[in-house]
Ligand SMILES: Nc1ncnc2c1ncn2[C@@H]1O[C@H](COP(=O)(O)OP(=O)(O)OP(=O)(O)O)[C@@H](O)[C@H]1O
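First comes one chain, alone, set out as structure tokens in the form predicted on its own.
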């Protein structure tokens, strides 16, 4: 399994005991009609919690990009949203082709999006770079033919 910590070096797995909120959302591959709904829900939850606007903006961008990656590149998966007193986490787990070269996937403009996704205006190769830019820590683990786990953290 290939793993890469993009920002930071510590594990970002949180105990369920400390979670204030833990939501699990299913994401269907190629479901462009519903794409973005989950990130909208996350943004609204963070507003209701009184999180500062800049943190909400960063988390909303990262969650949208992560959600779109599930829609465009996976065979389906889950987006897990966790809020603890110390951090916000967005974790995606998918079944799918996996990422053969994580370093290459992190480069702006690199994309393996389908023609269908590109015709709809997606797949410009900015998803992972935008997630990295907006987050405090990103961890990616992937195994070709099995799937990818993406852990995004924002420290409160």
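Because the structure is a prediction, the values reported are computed rather than measured. Residue numbers count along the first chain shown, from 1.
Absent from the display: the form predicted together with this ligand. The rest refers to it.
Contact with this ligand in the predicted complex, defined as any heavy atom within 4.5 Å, is confined among 115 to 123, 55 to 63, 29 to 37, 42 to 50 to 115 to 123. In the predicted complex, this ligand lies within 4.5 Å of some heavy atom of residue 128. Proximity of residue 88 to this ligand in the predicted complex falls outside the 4.5 Å heavy atom cutoff. Using a 4.5 angstroms threshold between heavy atoms, residue 135 stays clear of this ligand in the predicted complex.
Contact residues in stretch 104 to 120 (any heavy atom within 4.5 Å of this ligand, taken in the predicted complex) are 105, 110, 111, 112, 113.
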